[in-house]
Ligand code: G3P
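Single chain ahead, written as structure tokens, the form predicted on its own.
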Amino acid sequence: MKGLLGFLVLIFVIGVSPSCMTLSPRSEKTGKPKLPQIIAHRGASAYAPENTLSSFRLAAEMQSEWFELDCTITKDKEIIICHDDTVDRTTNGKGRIQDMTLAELRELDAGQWKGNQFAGEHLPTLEEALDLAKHLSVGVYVEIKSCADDTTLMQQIKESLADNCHITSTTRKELLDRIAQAHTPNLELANLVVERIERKHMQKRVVIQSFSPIICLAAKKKAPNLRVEFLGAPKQADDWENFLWWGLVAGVDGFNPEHTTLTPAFLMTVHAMGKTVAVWTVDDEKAMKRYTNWGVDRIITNRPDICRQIIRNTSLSVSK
């Protein structure tokens, strides 16, 4: 690993003691520590059926700045909200989403499994969720689920770039051309999601995130002003290098690691790059307090009400 990336990787490989961490960064207006925003994971999914309008409404009631959702593509090229590849776990139906039309999916009950009070809840479309977010004045984290295996394509891209860390707009255009030539369904999915966000004029209220660097790259190229963040769960040094490398290649605005893998050093590294960190999925109260004190930018949680209280208490203790 060479150049800037090698230097940044060295920072967190060497490590930084958690005792050196303080609430950071600070607000330019007040000079006080900036506290993390809350992203309700699949809505307030500890209390309502995940990825439904009921769960998103509850997240807003619990004062979440954002709710997060997962979206994928149907047989008839519509964008539906569901975490899994199949409807088996969260509805009364069975089958792969890519094999079903929107009309077929809308007939399913996506709420009763969580409680009789949610019976009749359906799988929402991305447009419905965006309309609700606009009405509630909250932001939306749109996770685009990979719908194809791009392992070979990613290997080809990495081999073609080698240790090049100087990625220009021309380089990314060439990469996008290569992705298009590979005919990966993930390119179509990313484009369809971005088109729906633009159609609803929600570019300033939406963040796209994905575990797929192909999707991140495609989304960032189609809508340069749209915020895109890269999901990952790196654990070893090589994983961290790979995570950072792909994020830089895709030109993402933030890195969102699984919370138990986050280190203070990596947080400092990403902040030094001028990018943000959102950790997932944090439901333990001690962990919520820890990441608040470390200075993460956002916390993704199934329990936004508890997270709000932890952040509020932390703010009060700092101000004393």
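Residue indices: 1-based, along the sequence shown. Just so it is clear, the model here is predicted, and its values are computed rather than measured.
One more form of this protein should be noted, the form predicted in complex with this ligand, which is absent from this view; the next part is about it.
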Checklist entry - Hey, in the predicted bound form, does I300 get a heavy atom within 4.5 angstroms of this ligand? => result yes
Item to check | Distance check, H83 to this ligand in the predicted bound form, heavy atom within 4.5 Å | outcome: yes
Checklist entry - Taking 4.5 angstroms as the cut-off for heavy atoms, does W280 touch this ligand in the predicted bound form? => result yes
Item to check | Contact of F211 with this ligand in the predicted bound form (heavy atom, 4.5 Å) | outcome: yes
Next on the checklist: Please identify the residue among M100, C147, I179, L231 with any heavy atom within 4.5 Å of this ligand in the predicted bound form.
Outcome noted: L231
Checklist entry - When this ligand is placed as it is in the predicted bound form, which of 102 to 110, 168 to 176, 137 to 145, 239 to 247 ends up with heavy atoms within 4.5 Å of it? => result 137 to 145
